[in-house]
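Only one chain is included here, represented as structure tokens and corresponding to the form predicted alone.
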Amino acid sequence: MSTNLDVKNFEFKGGLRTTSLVLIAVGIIAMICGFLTNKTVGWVDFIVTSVYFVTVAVSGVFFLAVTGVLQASWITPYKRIPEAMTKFLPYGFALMLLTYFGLHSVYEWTHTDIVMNDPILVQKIAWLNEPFYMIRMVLIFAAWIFVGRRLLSLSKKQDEGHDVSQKIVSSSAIGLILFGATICIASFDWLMSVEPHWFSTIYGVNVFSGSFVAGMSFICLATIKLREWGYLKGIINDNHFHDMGKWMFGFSTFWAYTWLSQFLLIWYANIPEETEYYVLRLDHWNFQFFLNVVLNWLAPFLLLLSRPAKRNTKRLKLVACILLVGHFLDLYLMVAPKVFEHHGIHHLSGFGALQALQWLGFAGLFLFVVGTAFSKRDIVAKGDPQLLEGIDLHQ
């Protein structure tokens, strides 16, 4: 096989750069309006949106680590995209540090008077306390940023002609172990502790599956747009899009499996302290509850069921957008219902135009950071020994 690797590099300028900056400005204005309208709703929006883009960014670390362990070739033609996604993690860390100022508005366990008069919460003080919570947050991001930078450093050495394959395997293995532990702890801390009386052992896996699908959706969208703009010619073909379609199809079903497993076991057991999680959402967030399943599983399942659908870029773009919106709704439903109930806020007051505009603002920041990082390296990982095999992909 003869492949021309002389492809033009990405330039982050013009309309895309301007659009990202405009979106950031719109997001800031929307965020200010949100906080002025209702401080509690403002903090819910800020925390959920921050966690959303952090999970999308850290999925890049997971993709690099799992393919590094397996020495997989399928990701090499568009390897630069998940590498660029990891560059958002320091910014995500800064955003999450800011959530410290909203802990009292969102997390019940931060109120000493409530905790000391609650026989259940008082037993959880050793874990659920503000200093240890922030220490865990720092350690989680330190692990993610360390693994991301380590794998990026080894990738740069590959580009310089060094043989670092074994180092990539060992670093990726360590990265997967750290990722598996930290994504669960992050899910428990940032999302599940909103309802400190309730817990689910599959919660972290469910959040991971949604993050994986959202990350692959972003990679798919970015790859399609790059090819439409004239990049990656001769590198990306319909077989690669078919591969991405299978990942989105398969892991959206895996998300549905973890979601349904949690729901059915809790509902069937009918233990009051467990079922309250779903009673709240089915009583007051009924439409959003079932829309969540439609966006994160039913629509992608039906739209990507056939082989031709997985090779149709228009269909893939539609499904990727649906899944990205679905991941946000999924995270929002994990946080907002309990917080709004606790503060006596009507359930629809926190889900509308302001939330959409804030999401677009964060998306603008994400695109700016990732686009800038993506433009600073060769668009193709020419030093990766798996590249030619990855380009010659067949489905």
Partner chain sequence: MKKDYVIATFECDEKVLHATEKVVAKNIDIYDIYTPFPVHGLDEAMGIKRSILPYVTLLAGLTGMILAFSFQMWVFNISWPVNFGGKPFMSVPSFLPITFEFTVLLGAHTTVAAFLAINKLFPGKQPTIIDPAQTEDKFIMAIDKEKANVDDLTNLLKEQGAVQVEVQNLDLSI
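These numbers were taken from a predicted model, which means no experiment stands behind them. Numbering follows the first chain given and starts at 1.
Although it is not shown, the form predicted in complex with the partner chain is what the next lines describe.
**Student:** Taking Leu264, Trp267 and Gln395 as a possible spot, do all three reach the partner chain in the model of the complex with a heavy atom inside 4.5 Å?
**Tutor:** So, yes: the whole triplet contacts the partner chain.
**Student:** Pick the stretch from 173 to 181, 67 to 75, 303 to 311, 228 to 236 whose residues have a heavy atom within 4.5 Å of the partner chain in the model of the complex.
**Tutor:** That would be 303 to 311.
**Student:** Of the residues Ile185, Met134, Leu260, Val169, which one places a heavy atom within 4.5 Å of the partner chain in the model of the complex?
**Tutor:** In short, Leu260.
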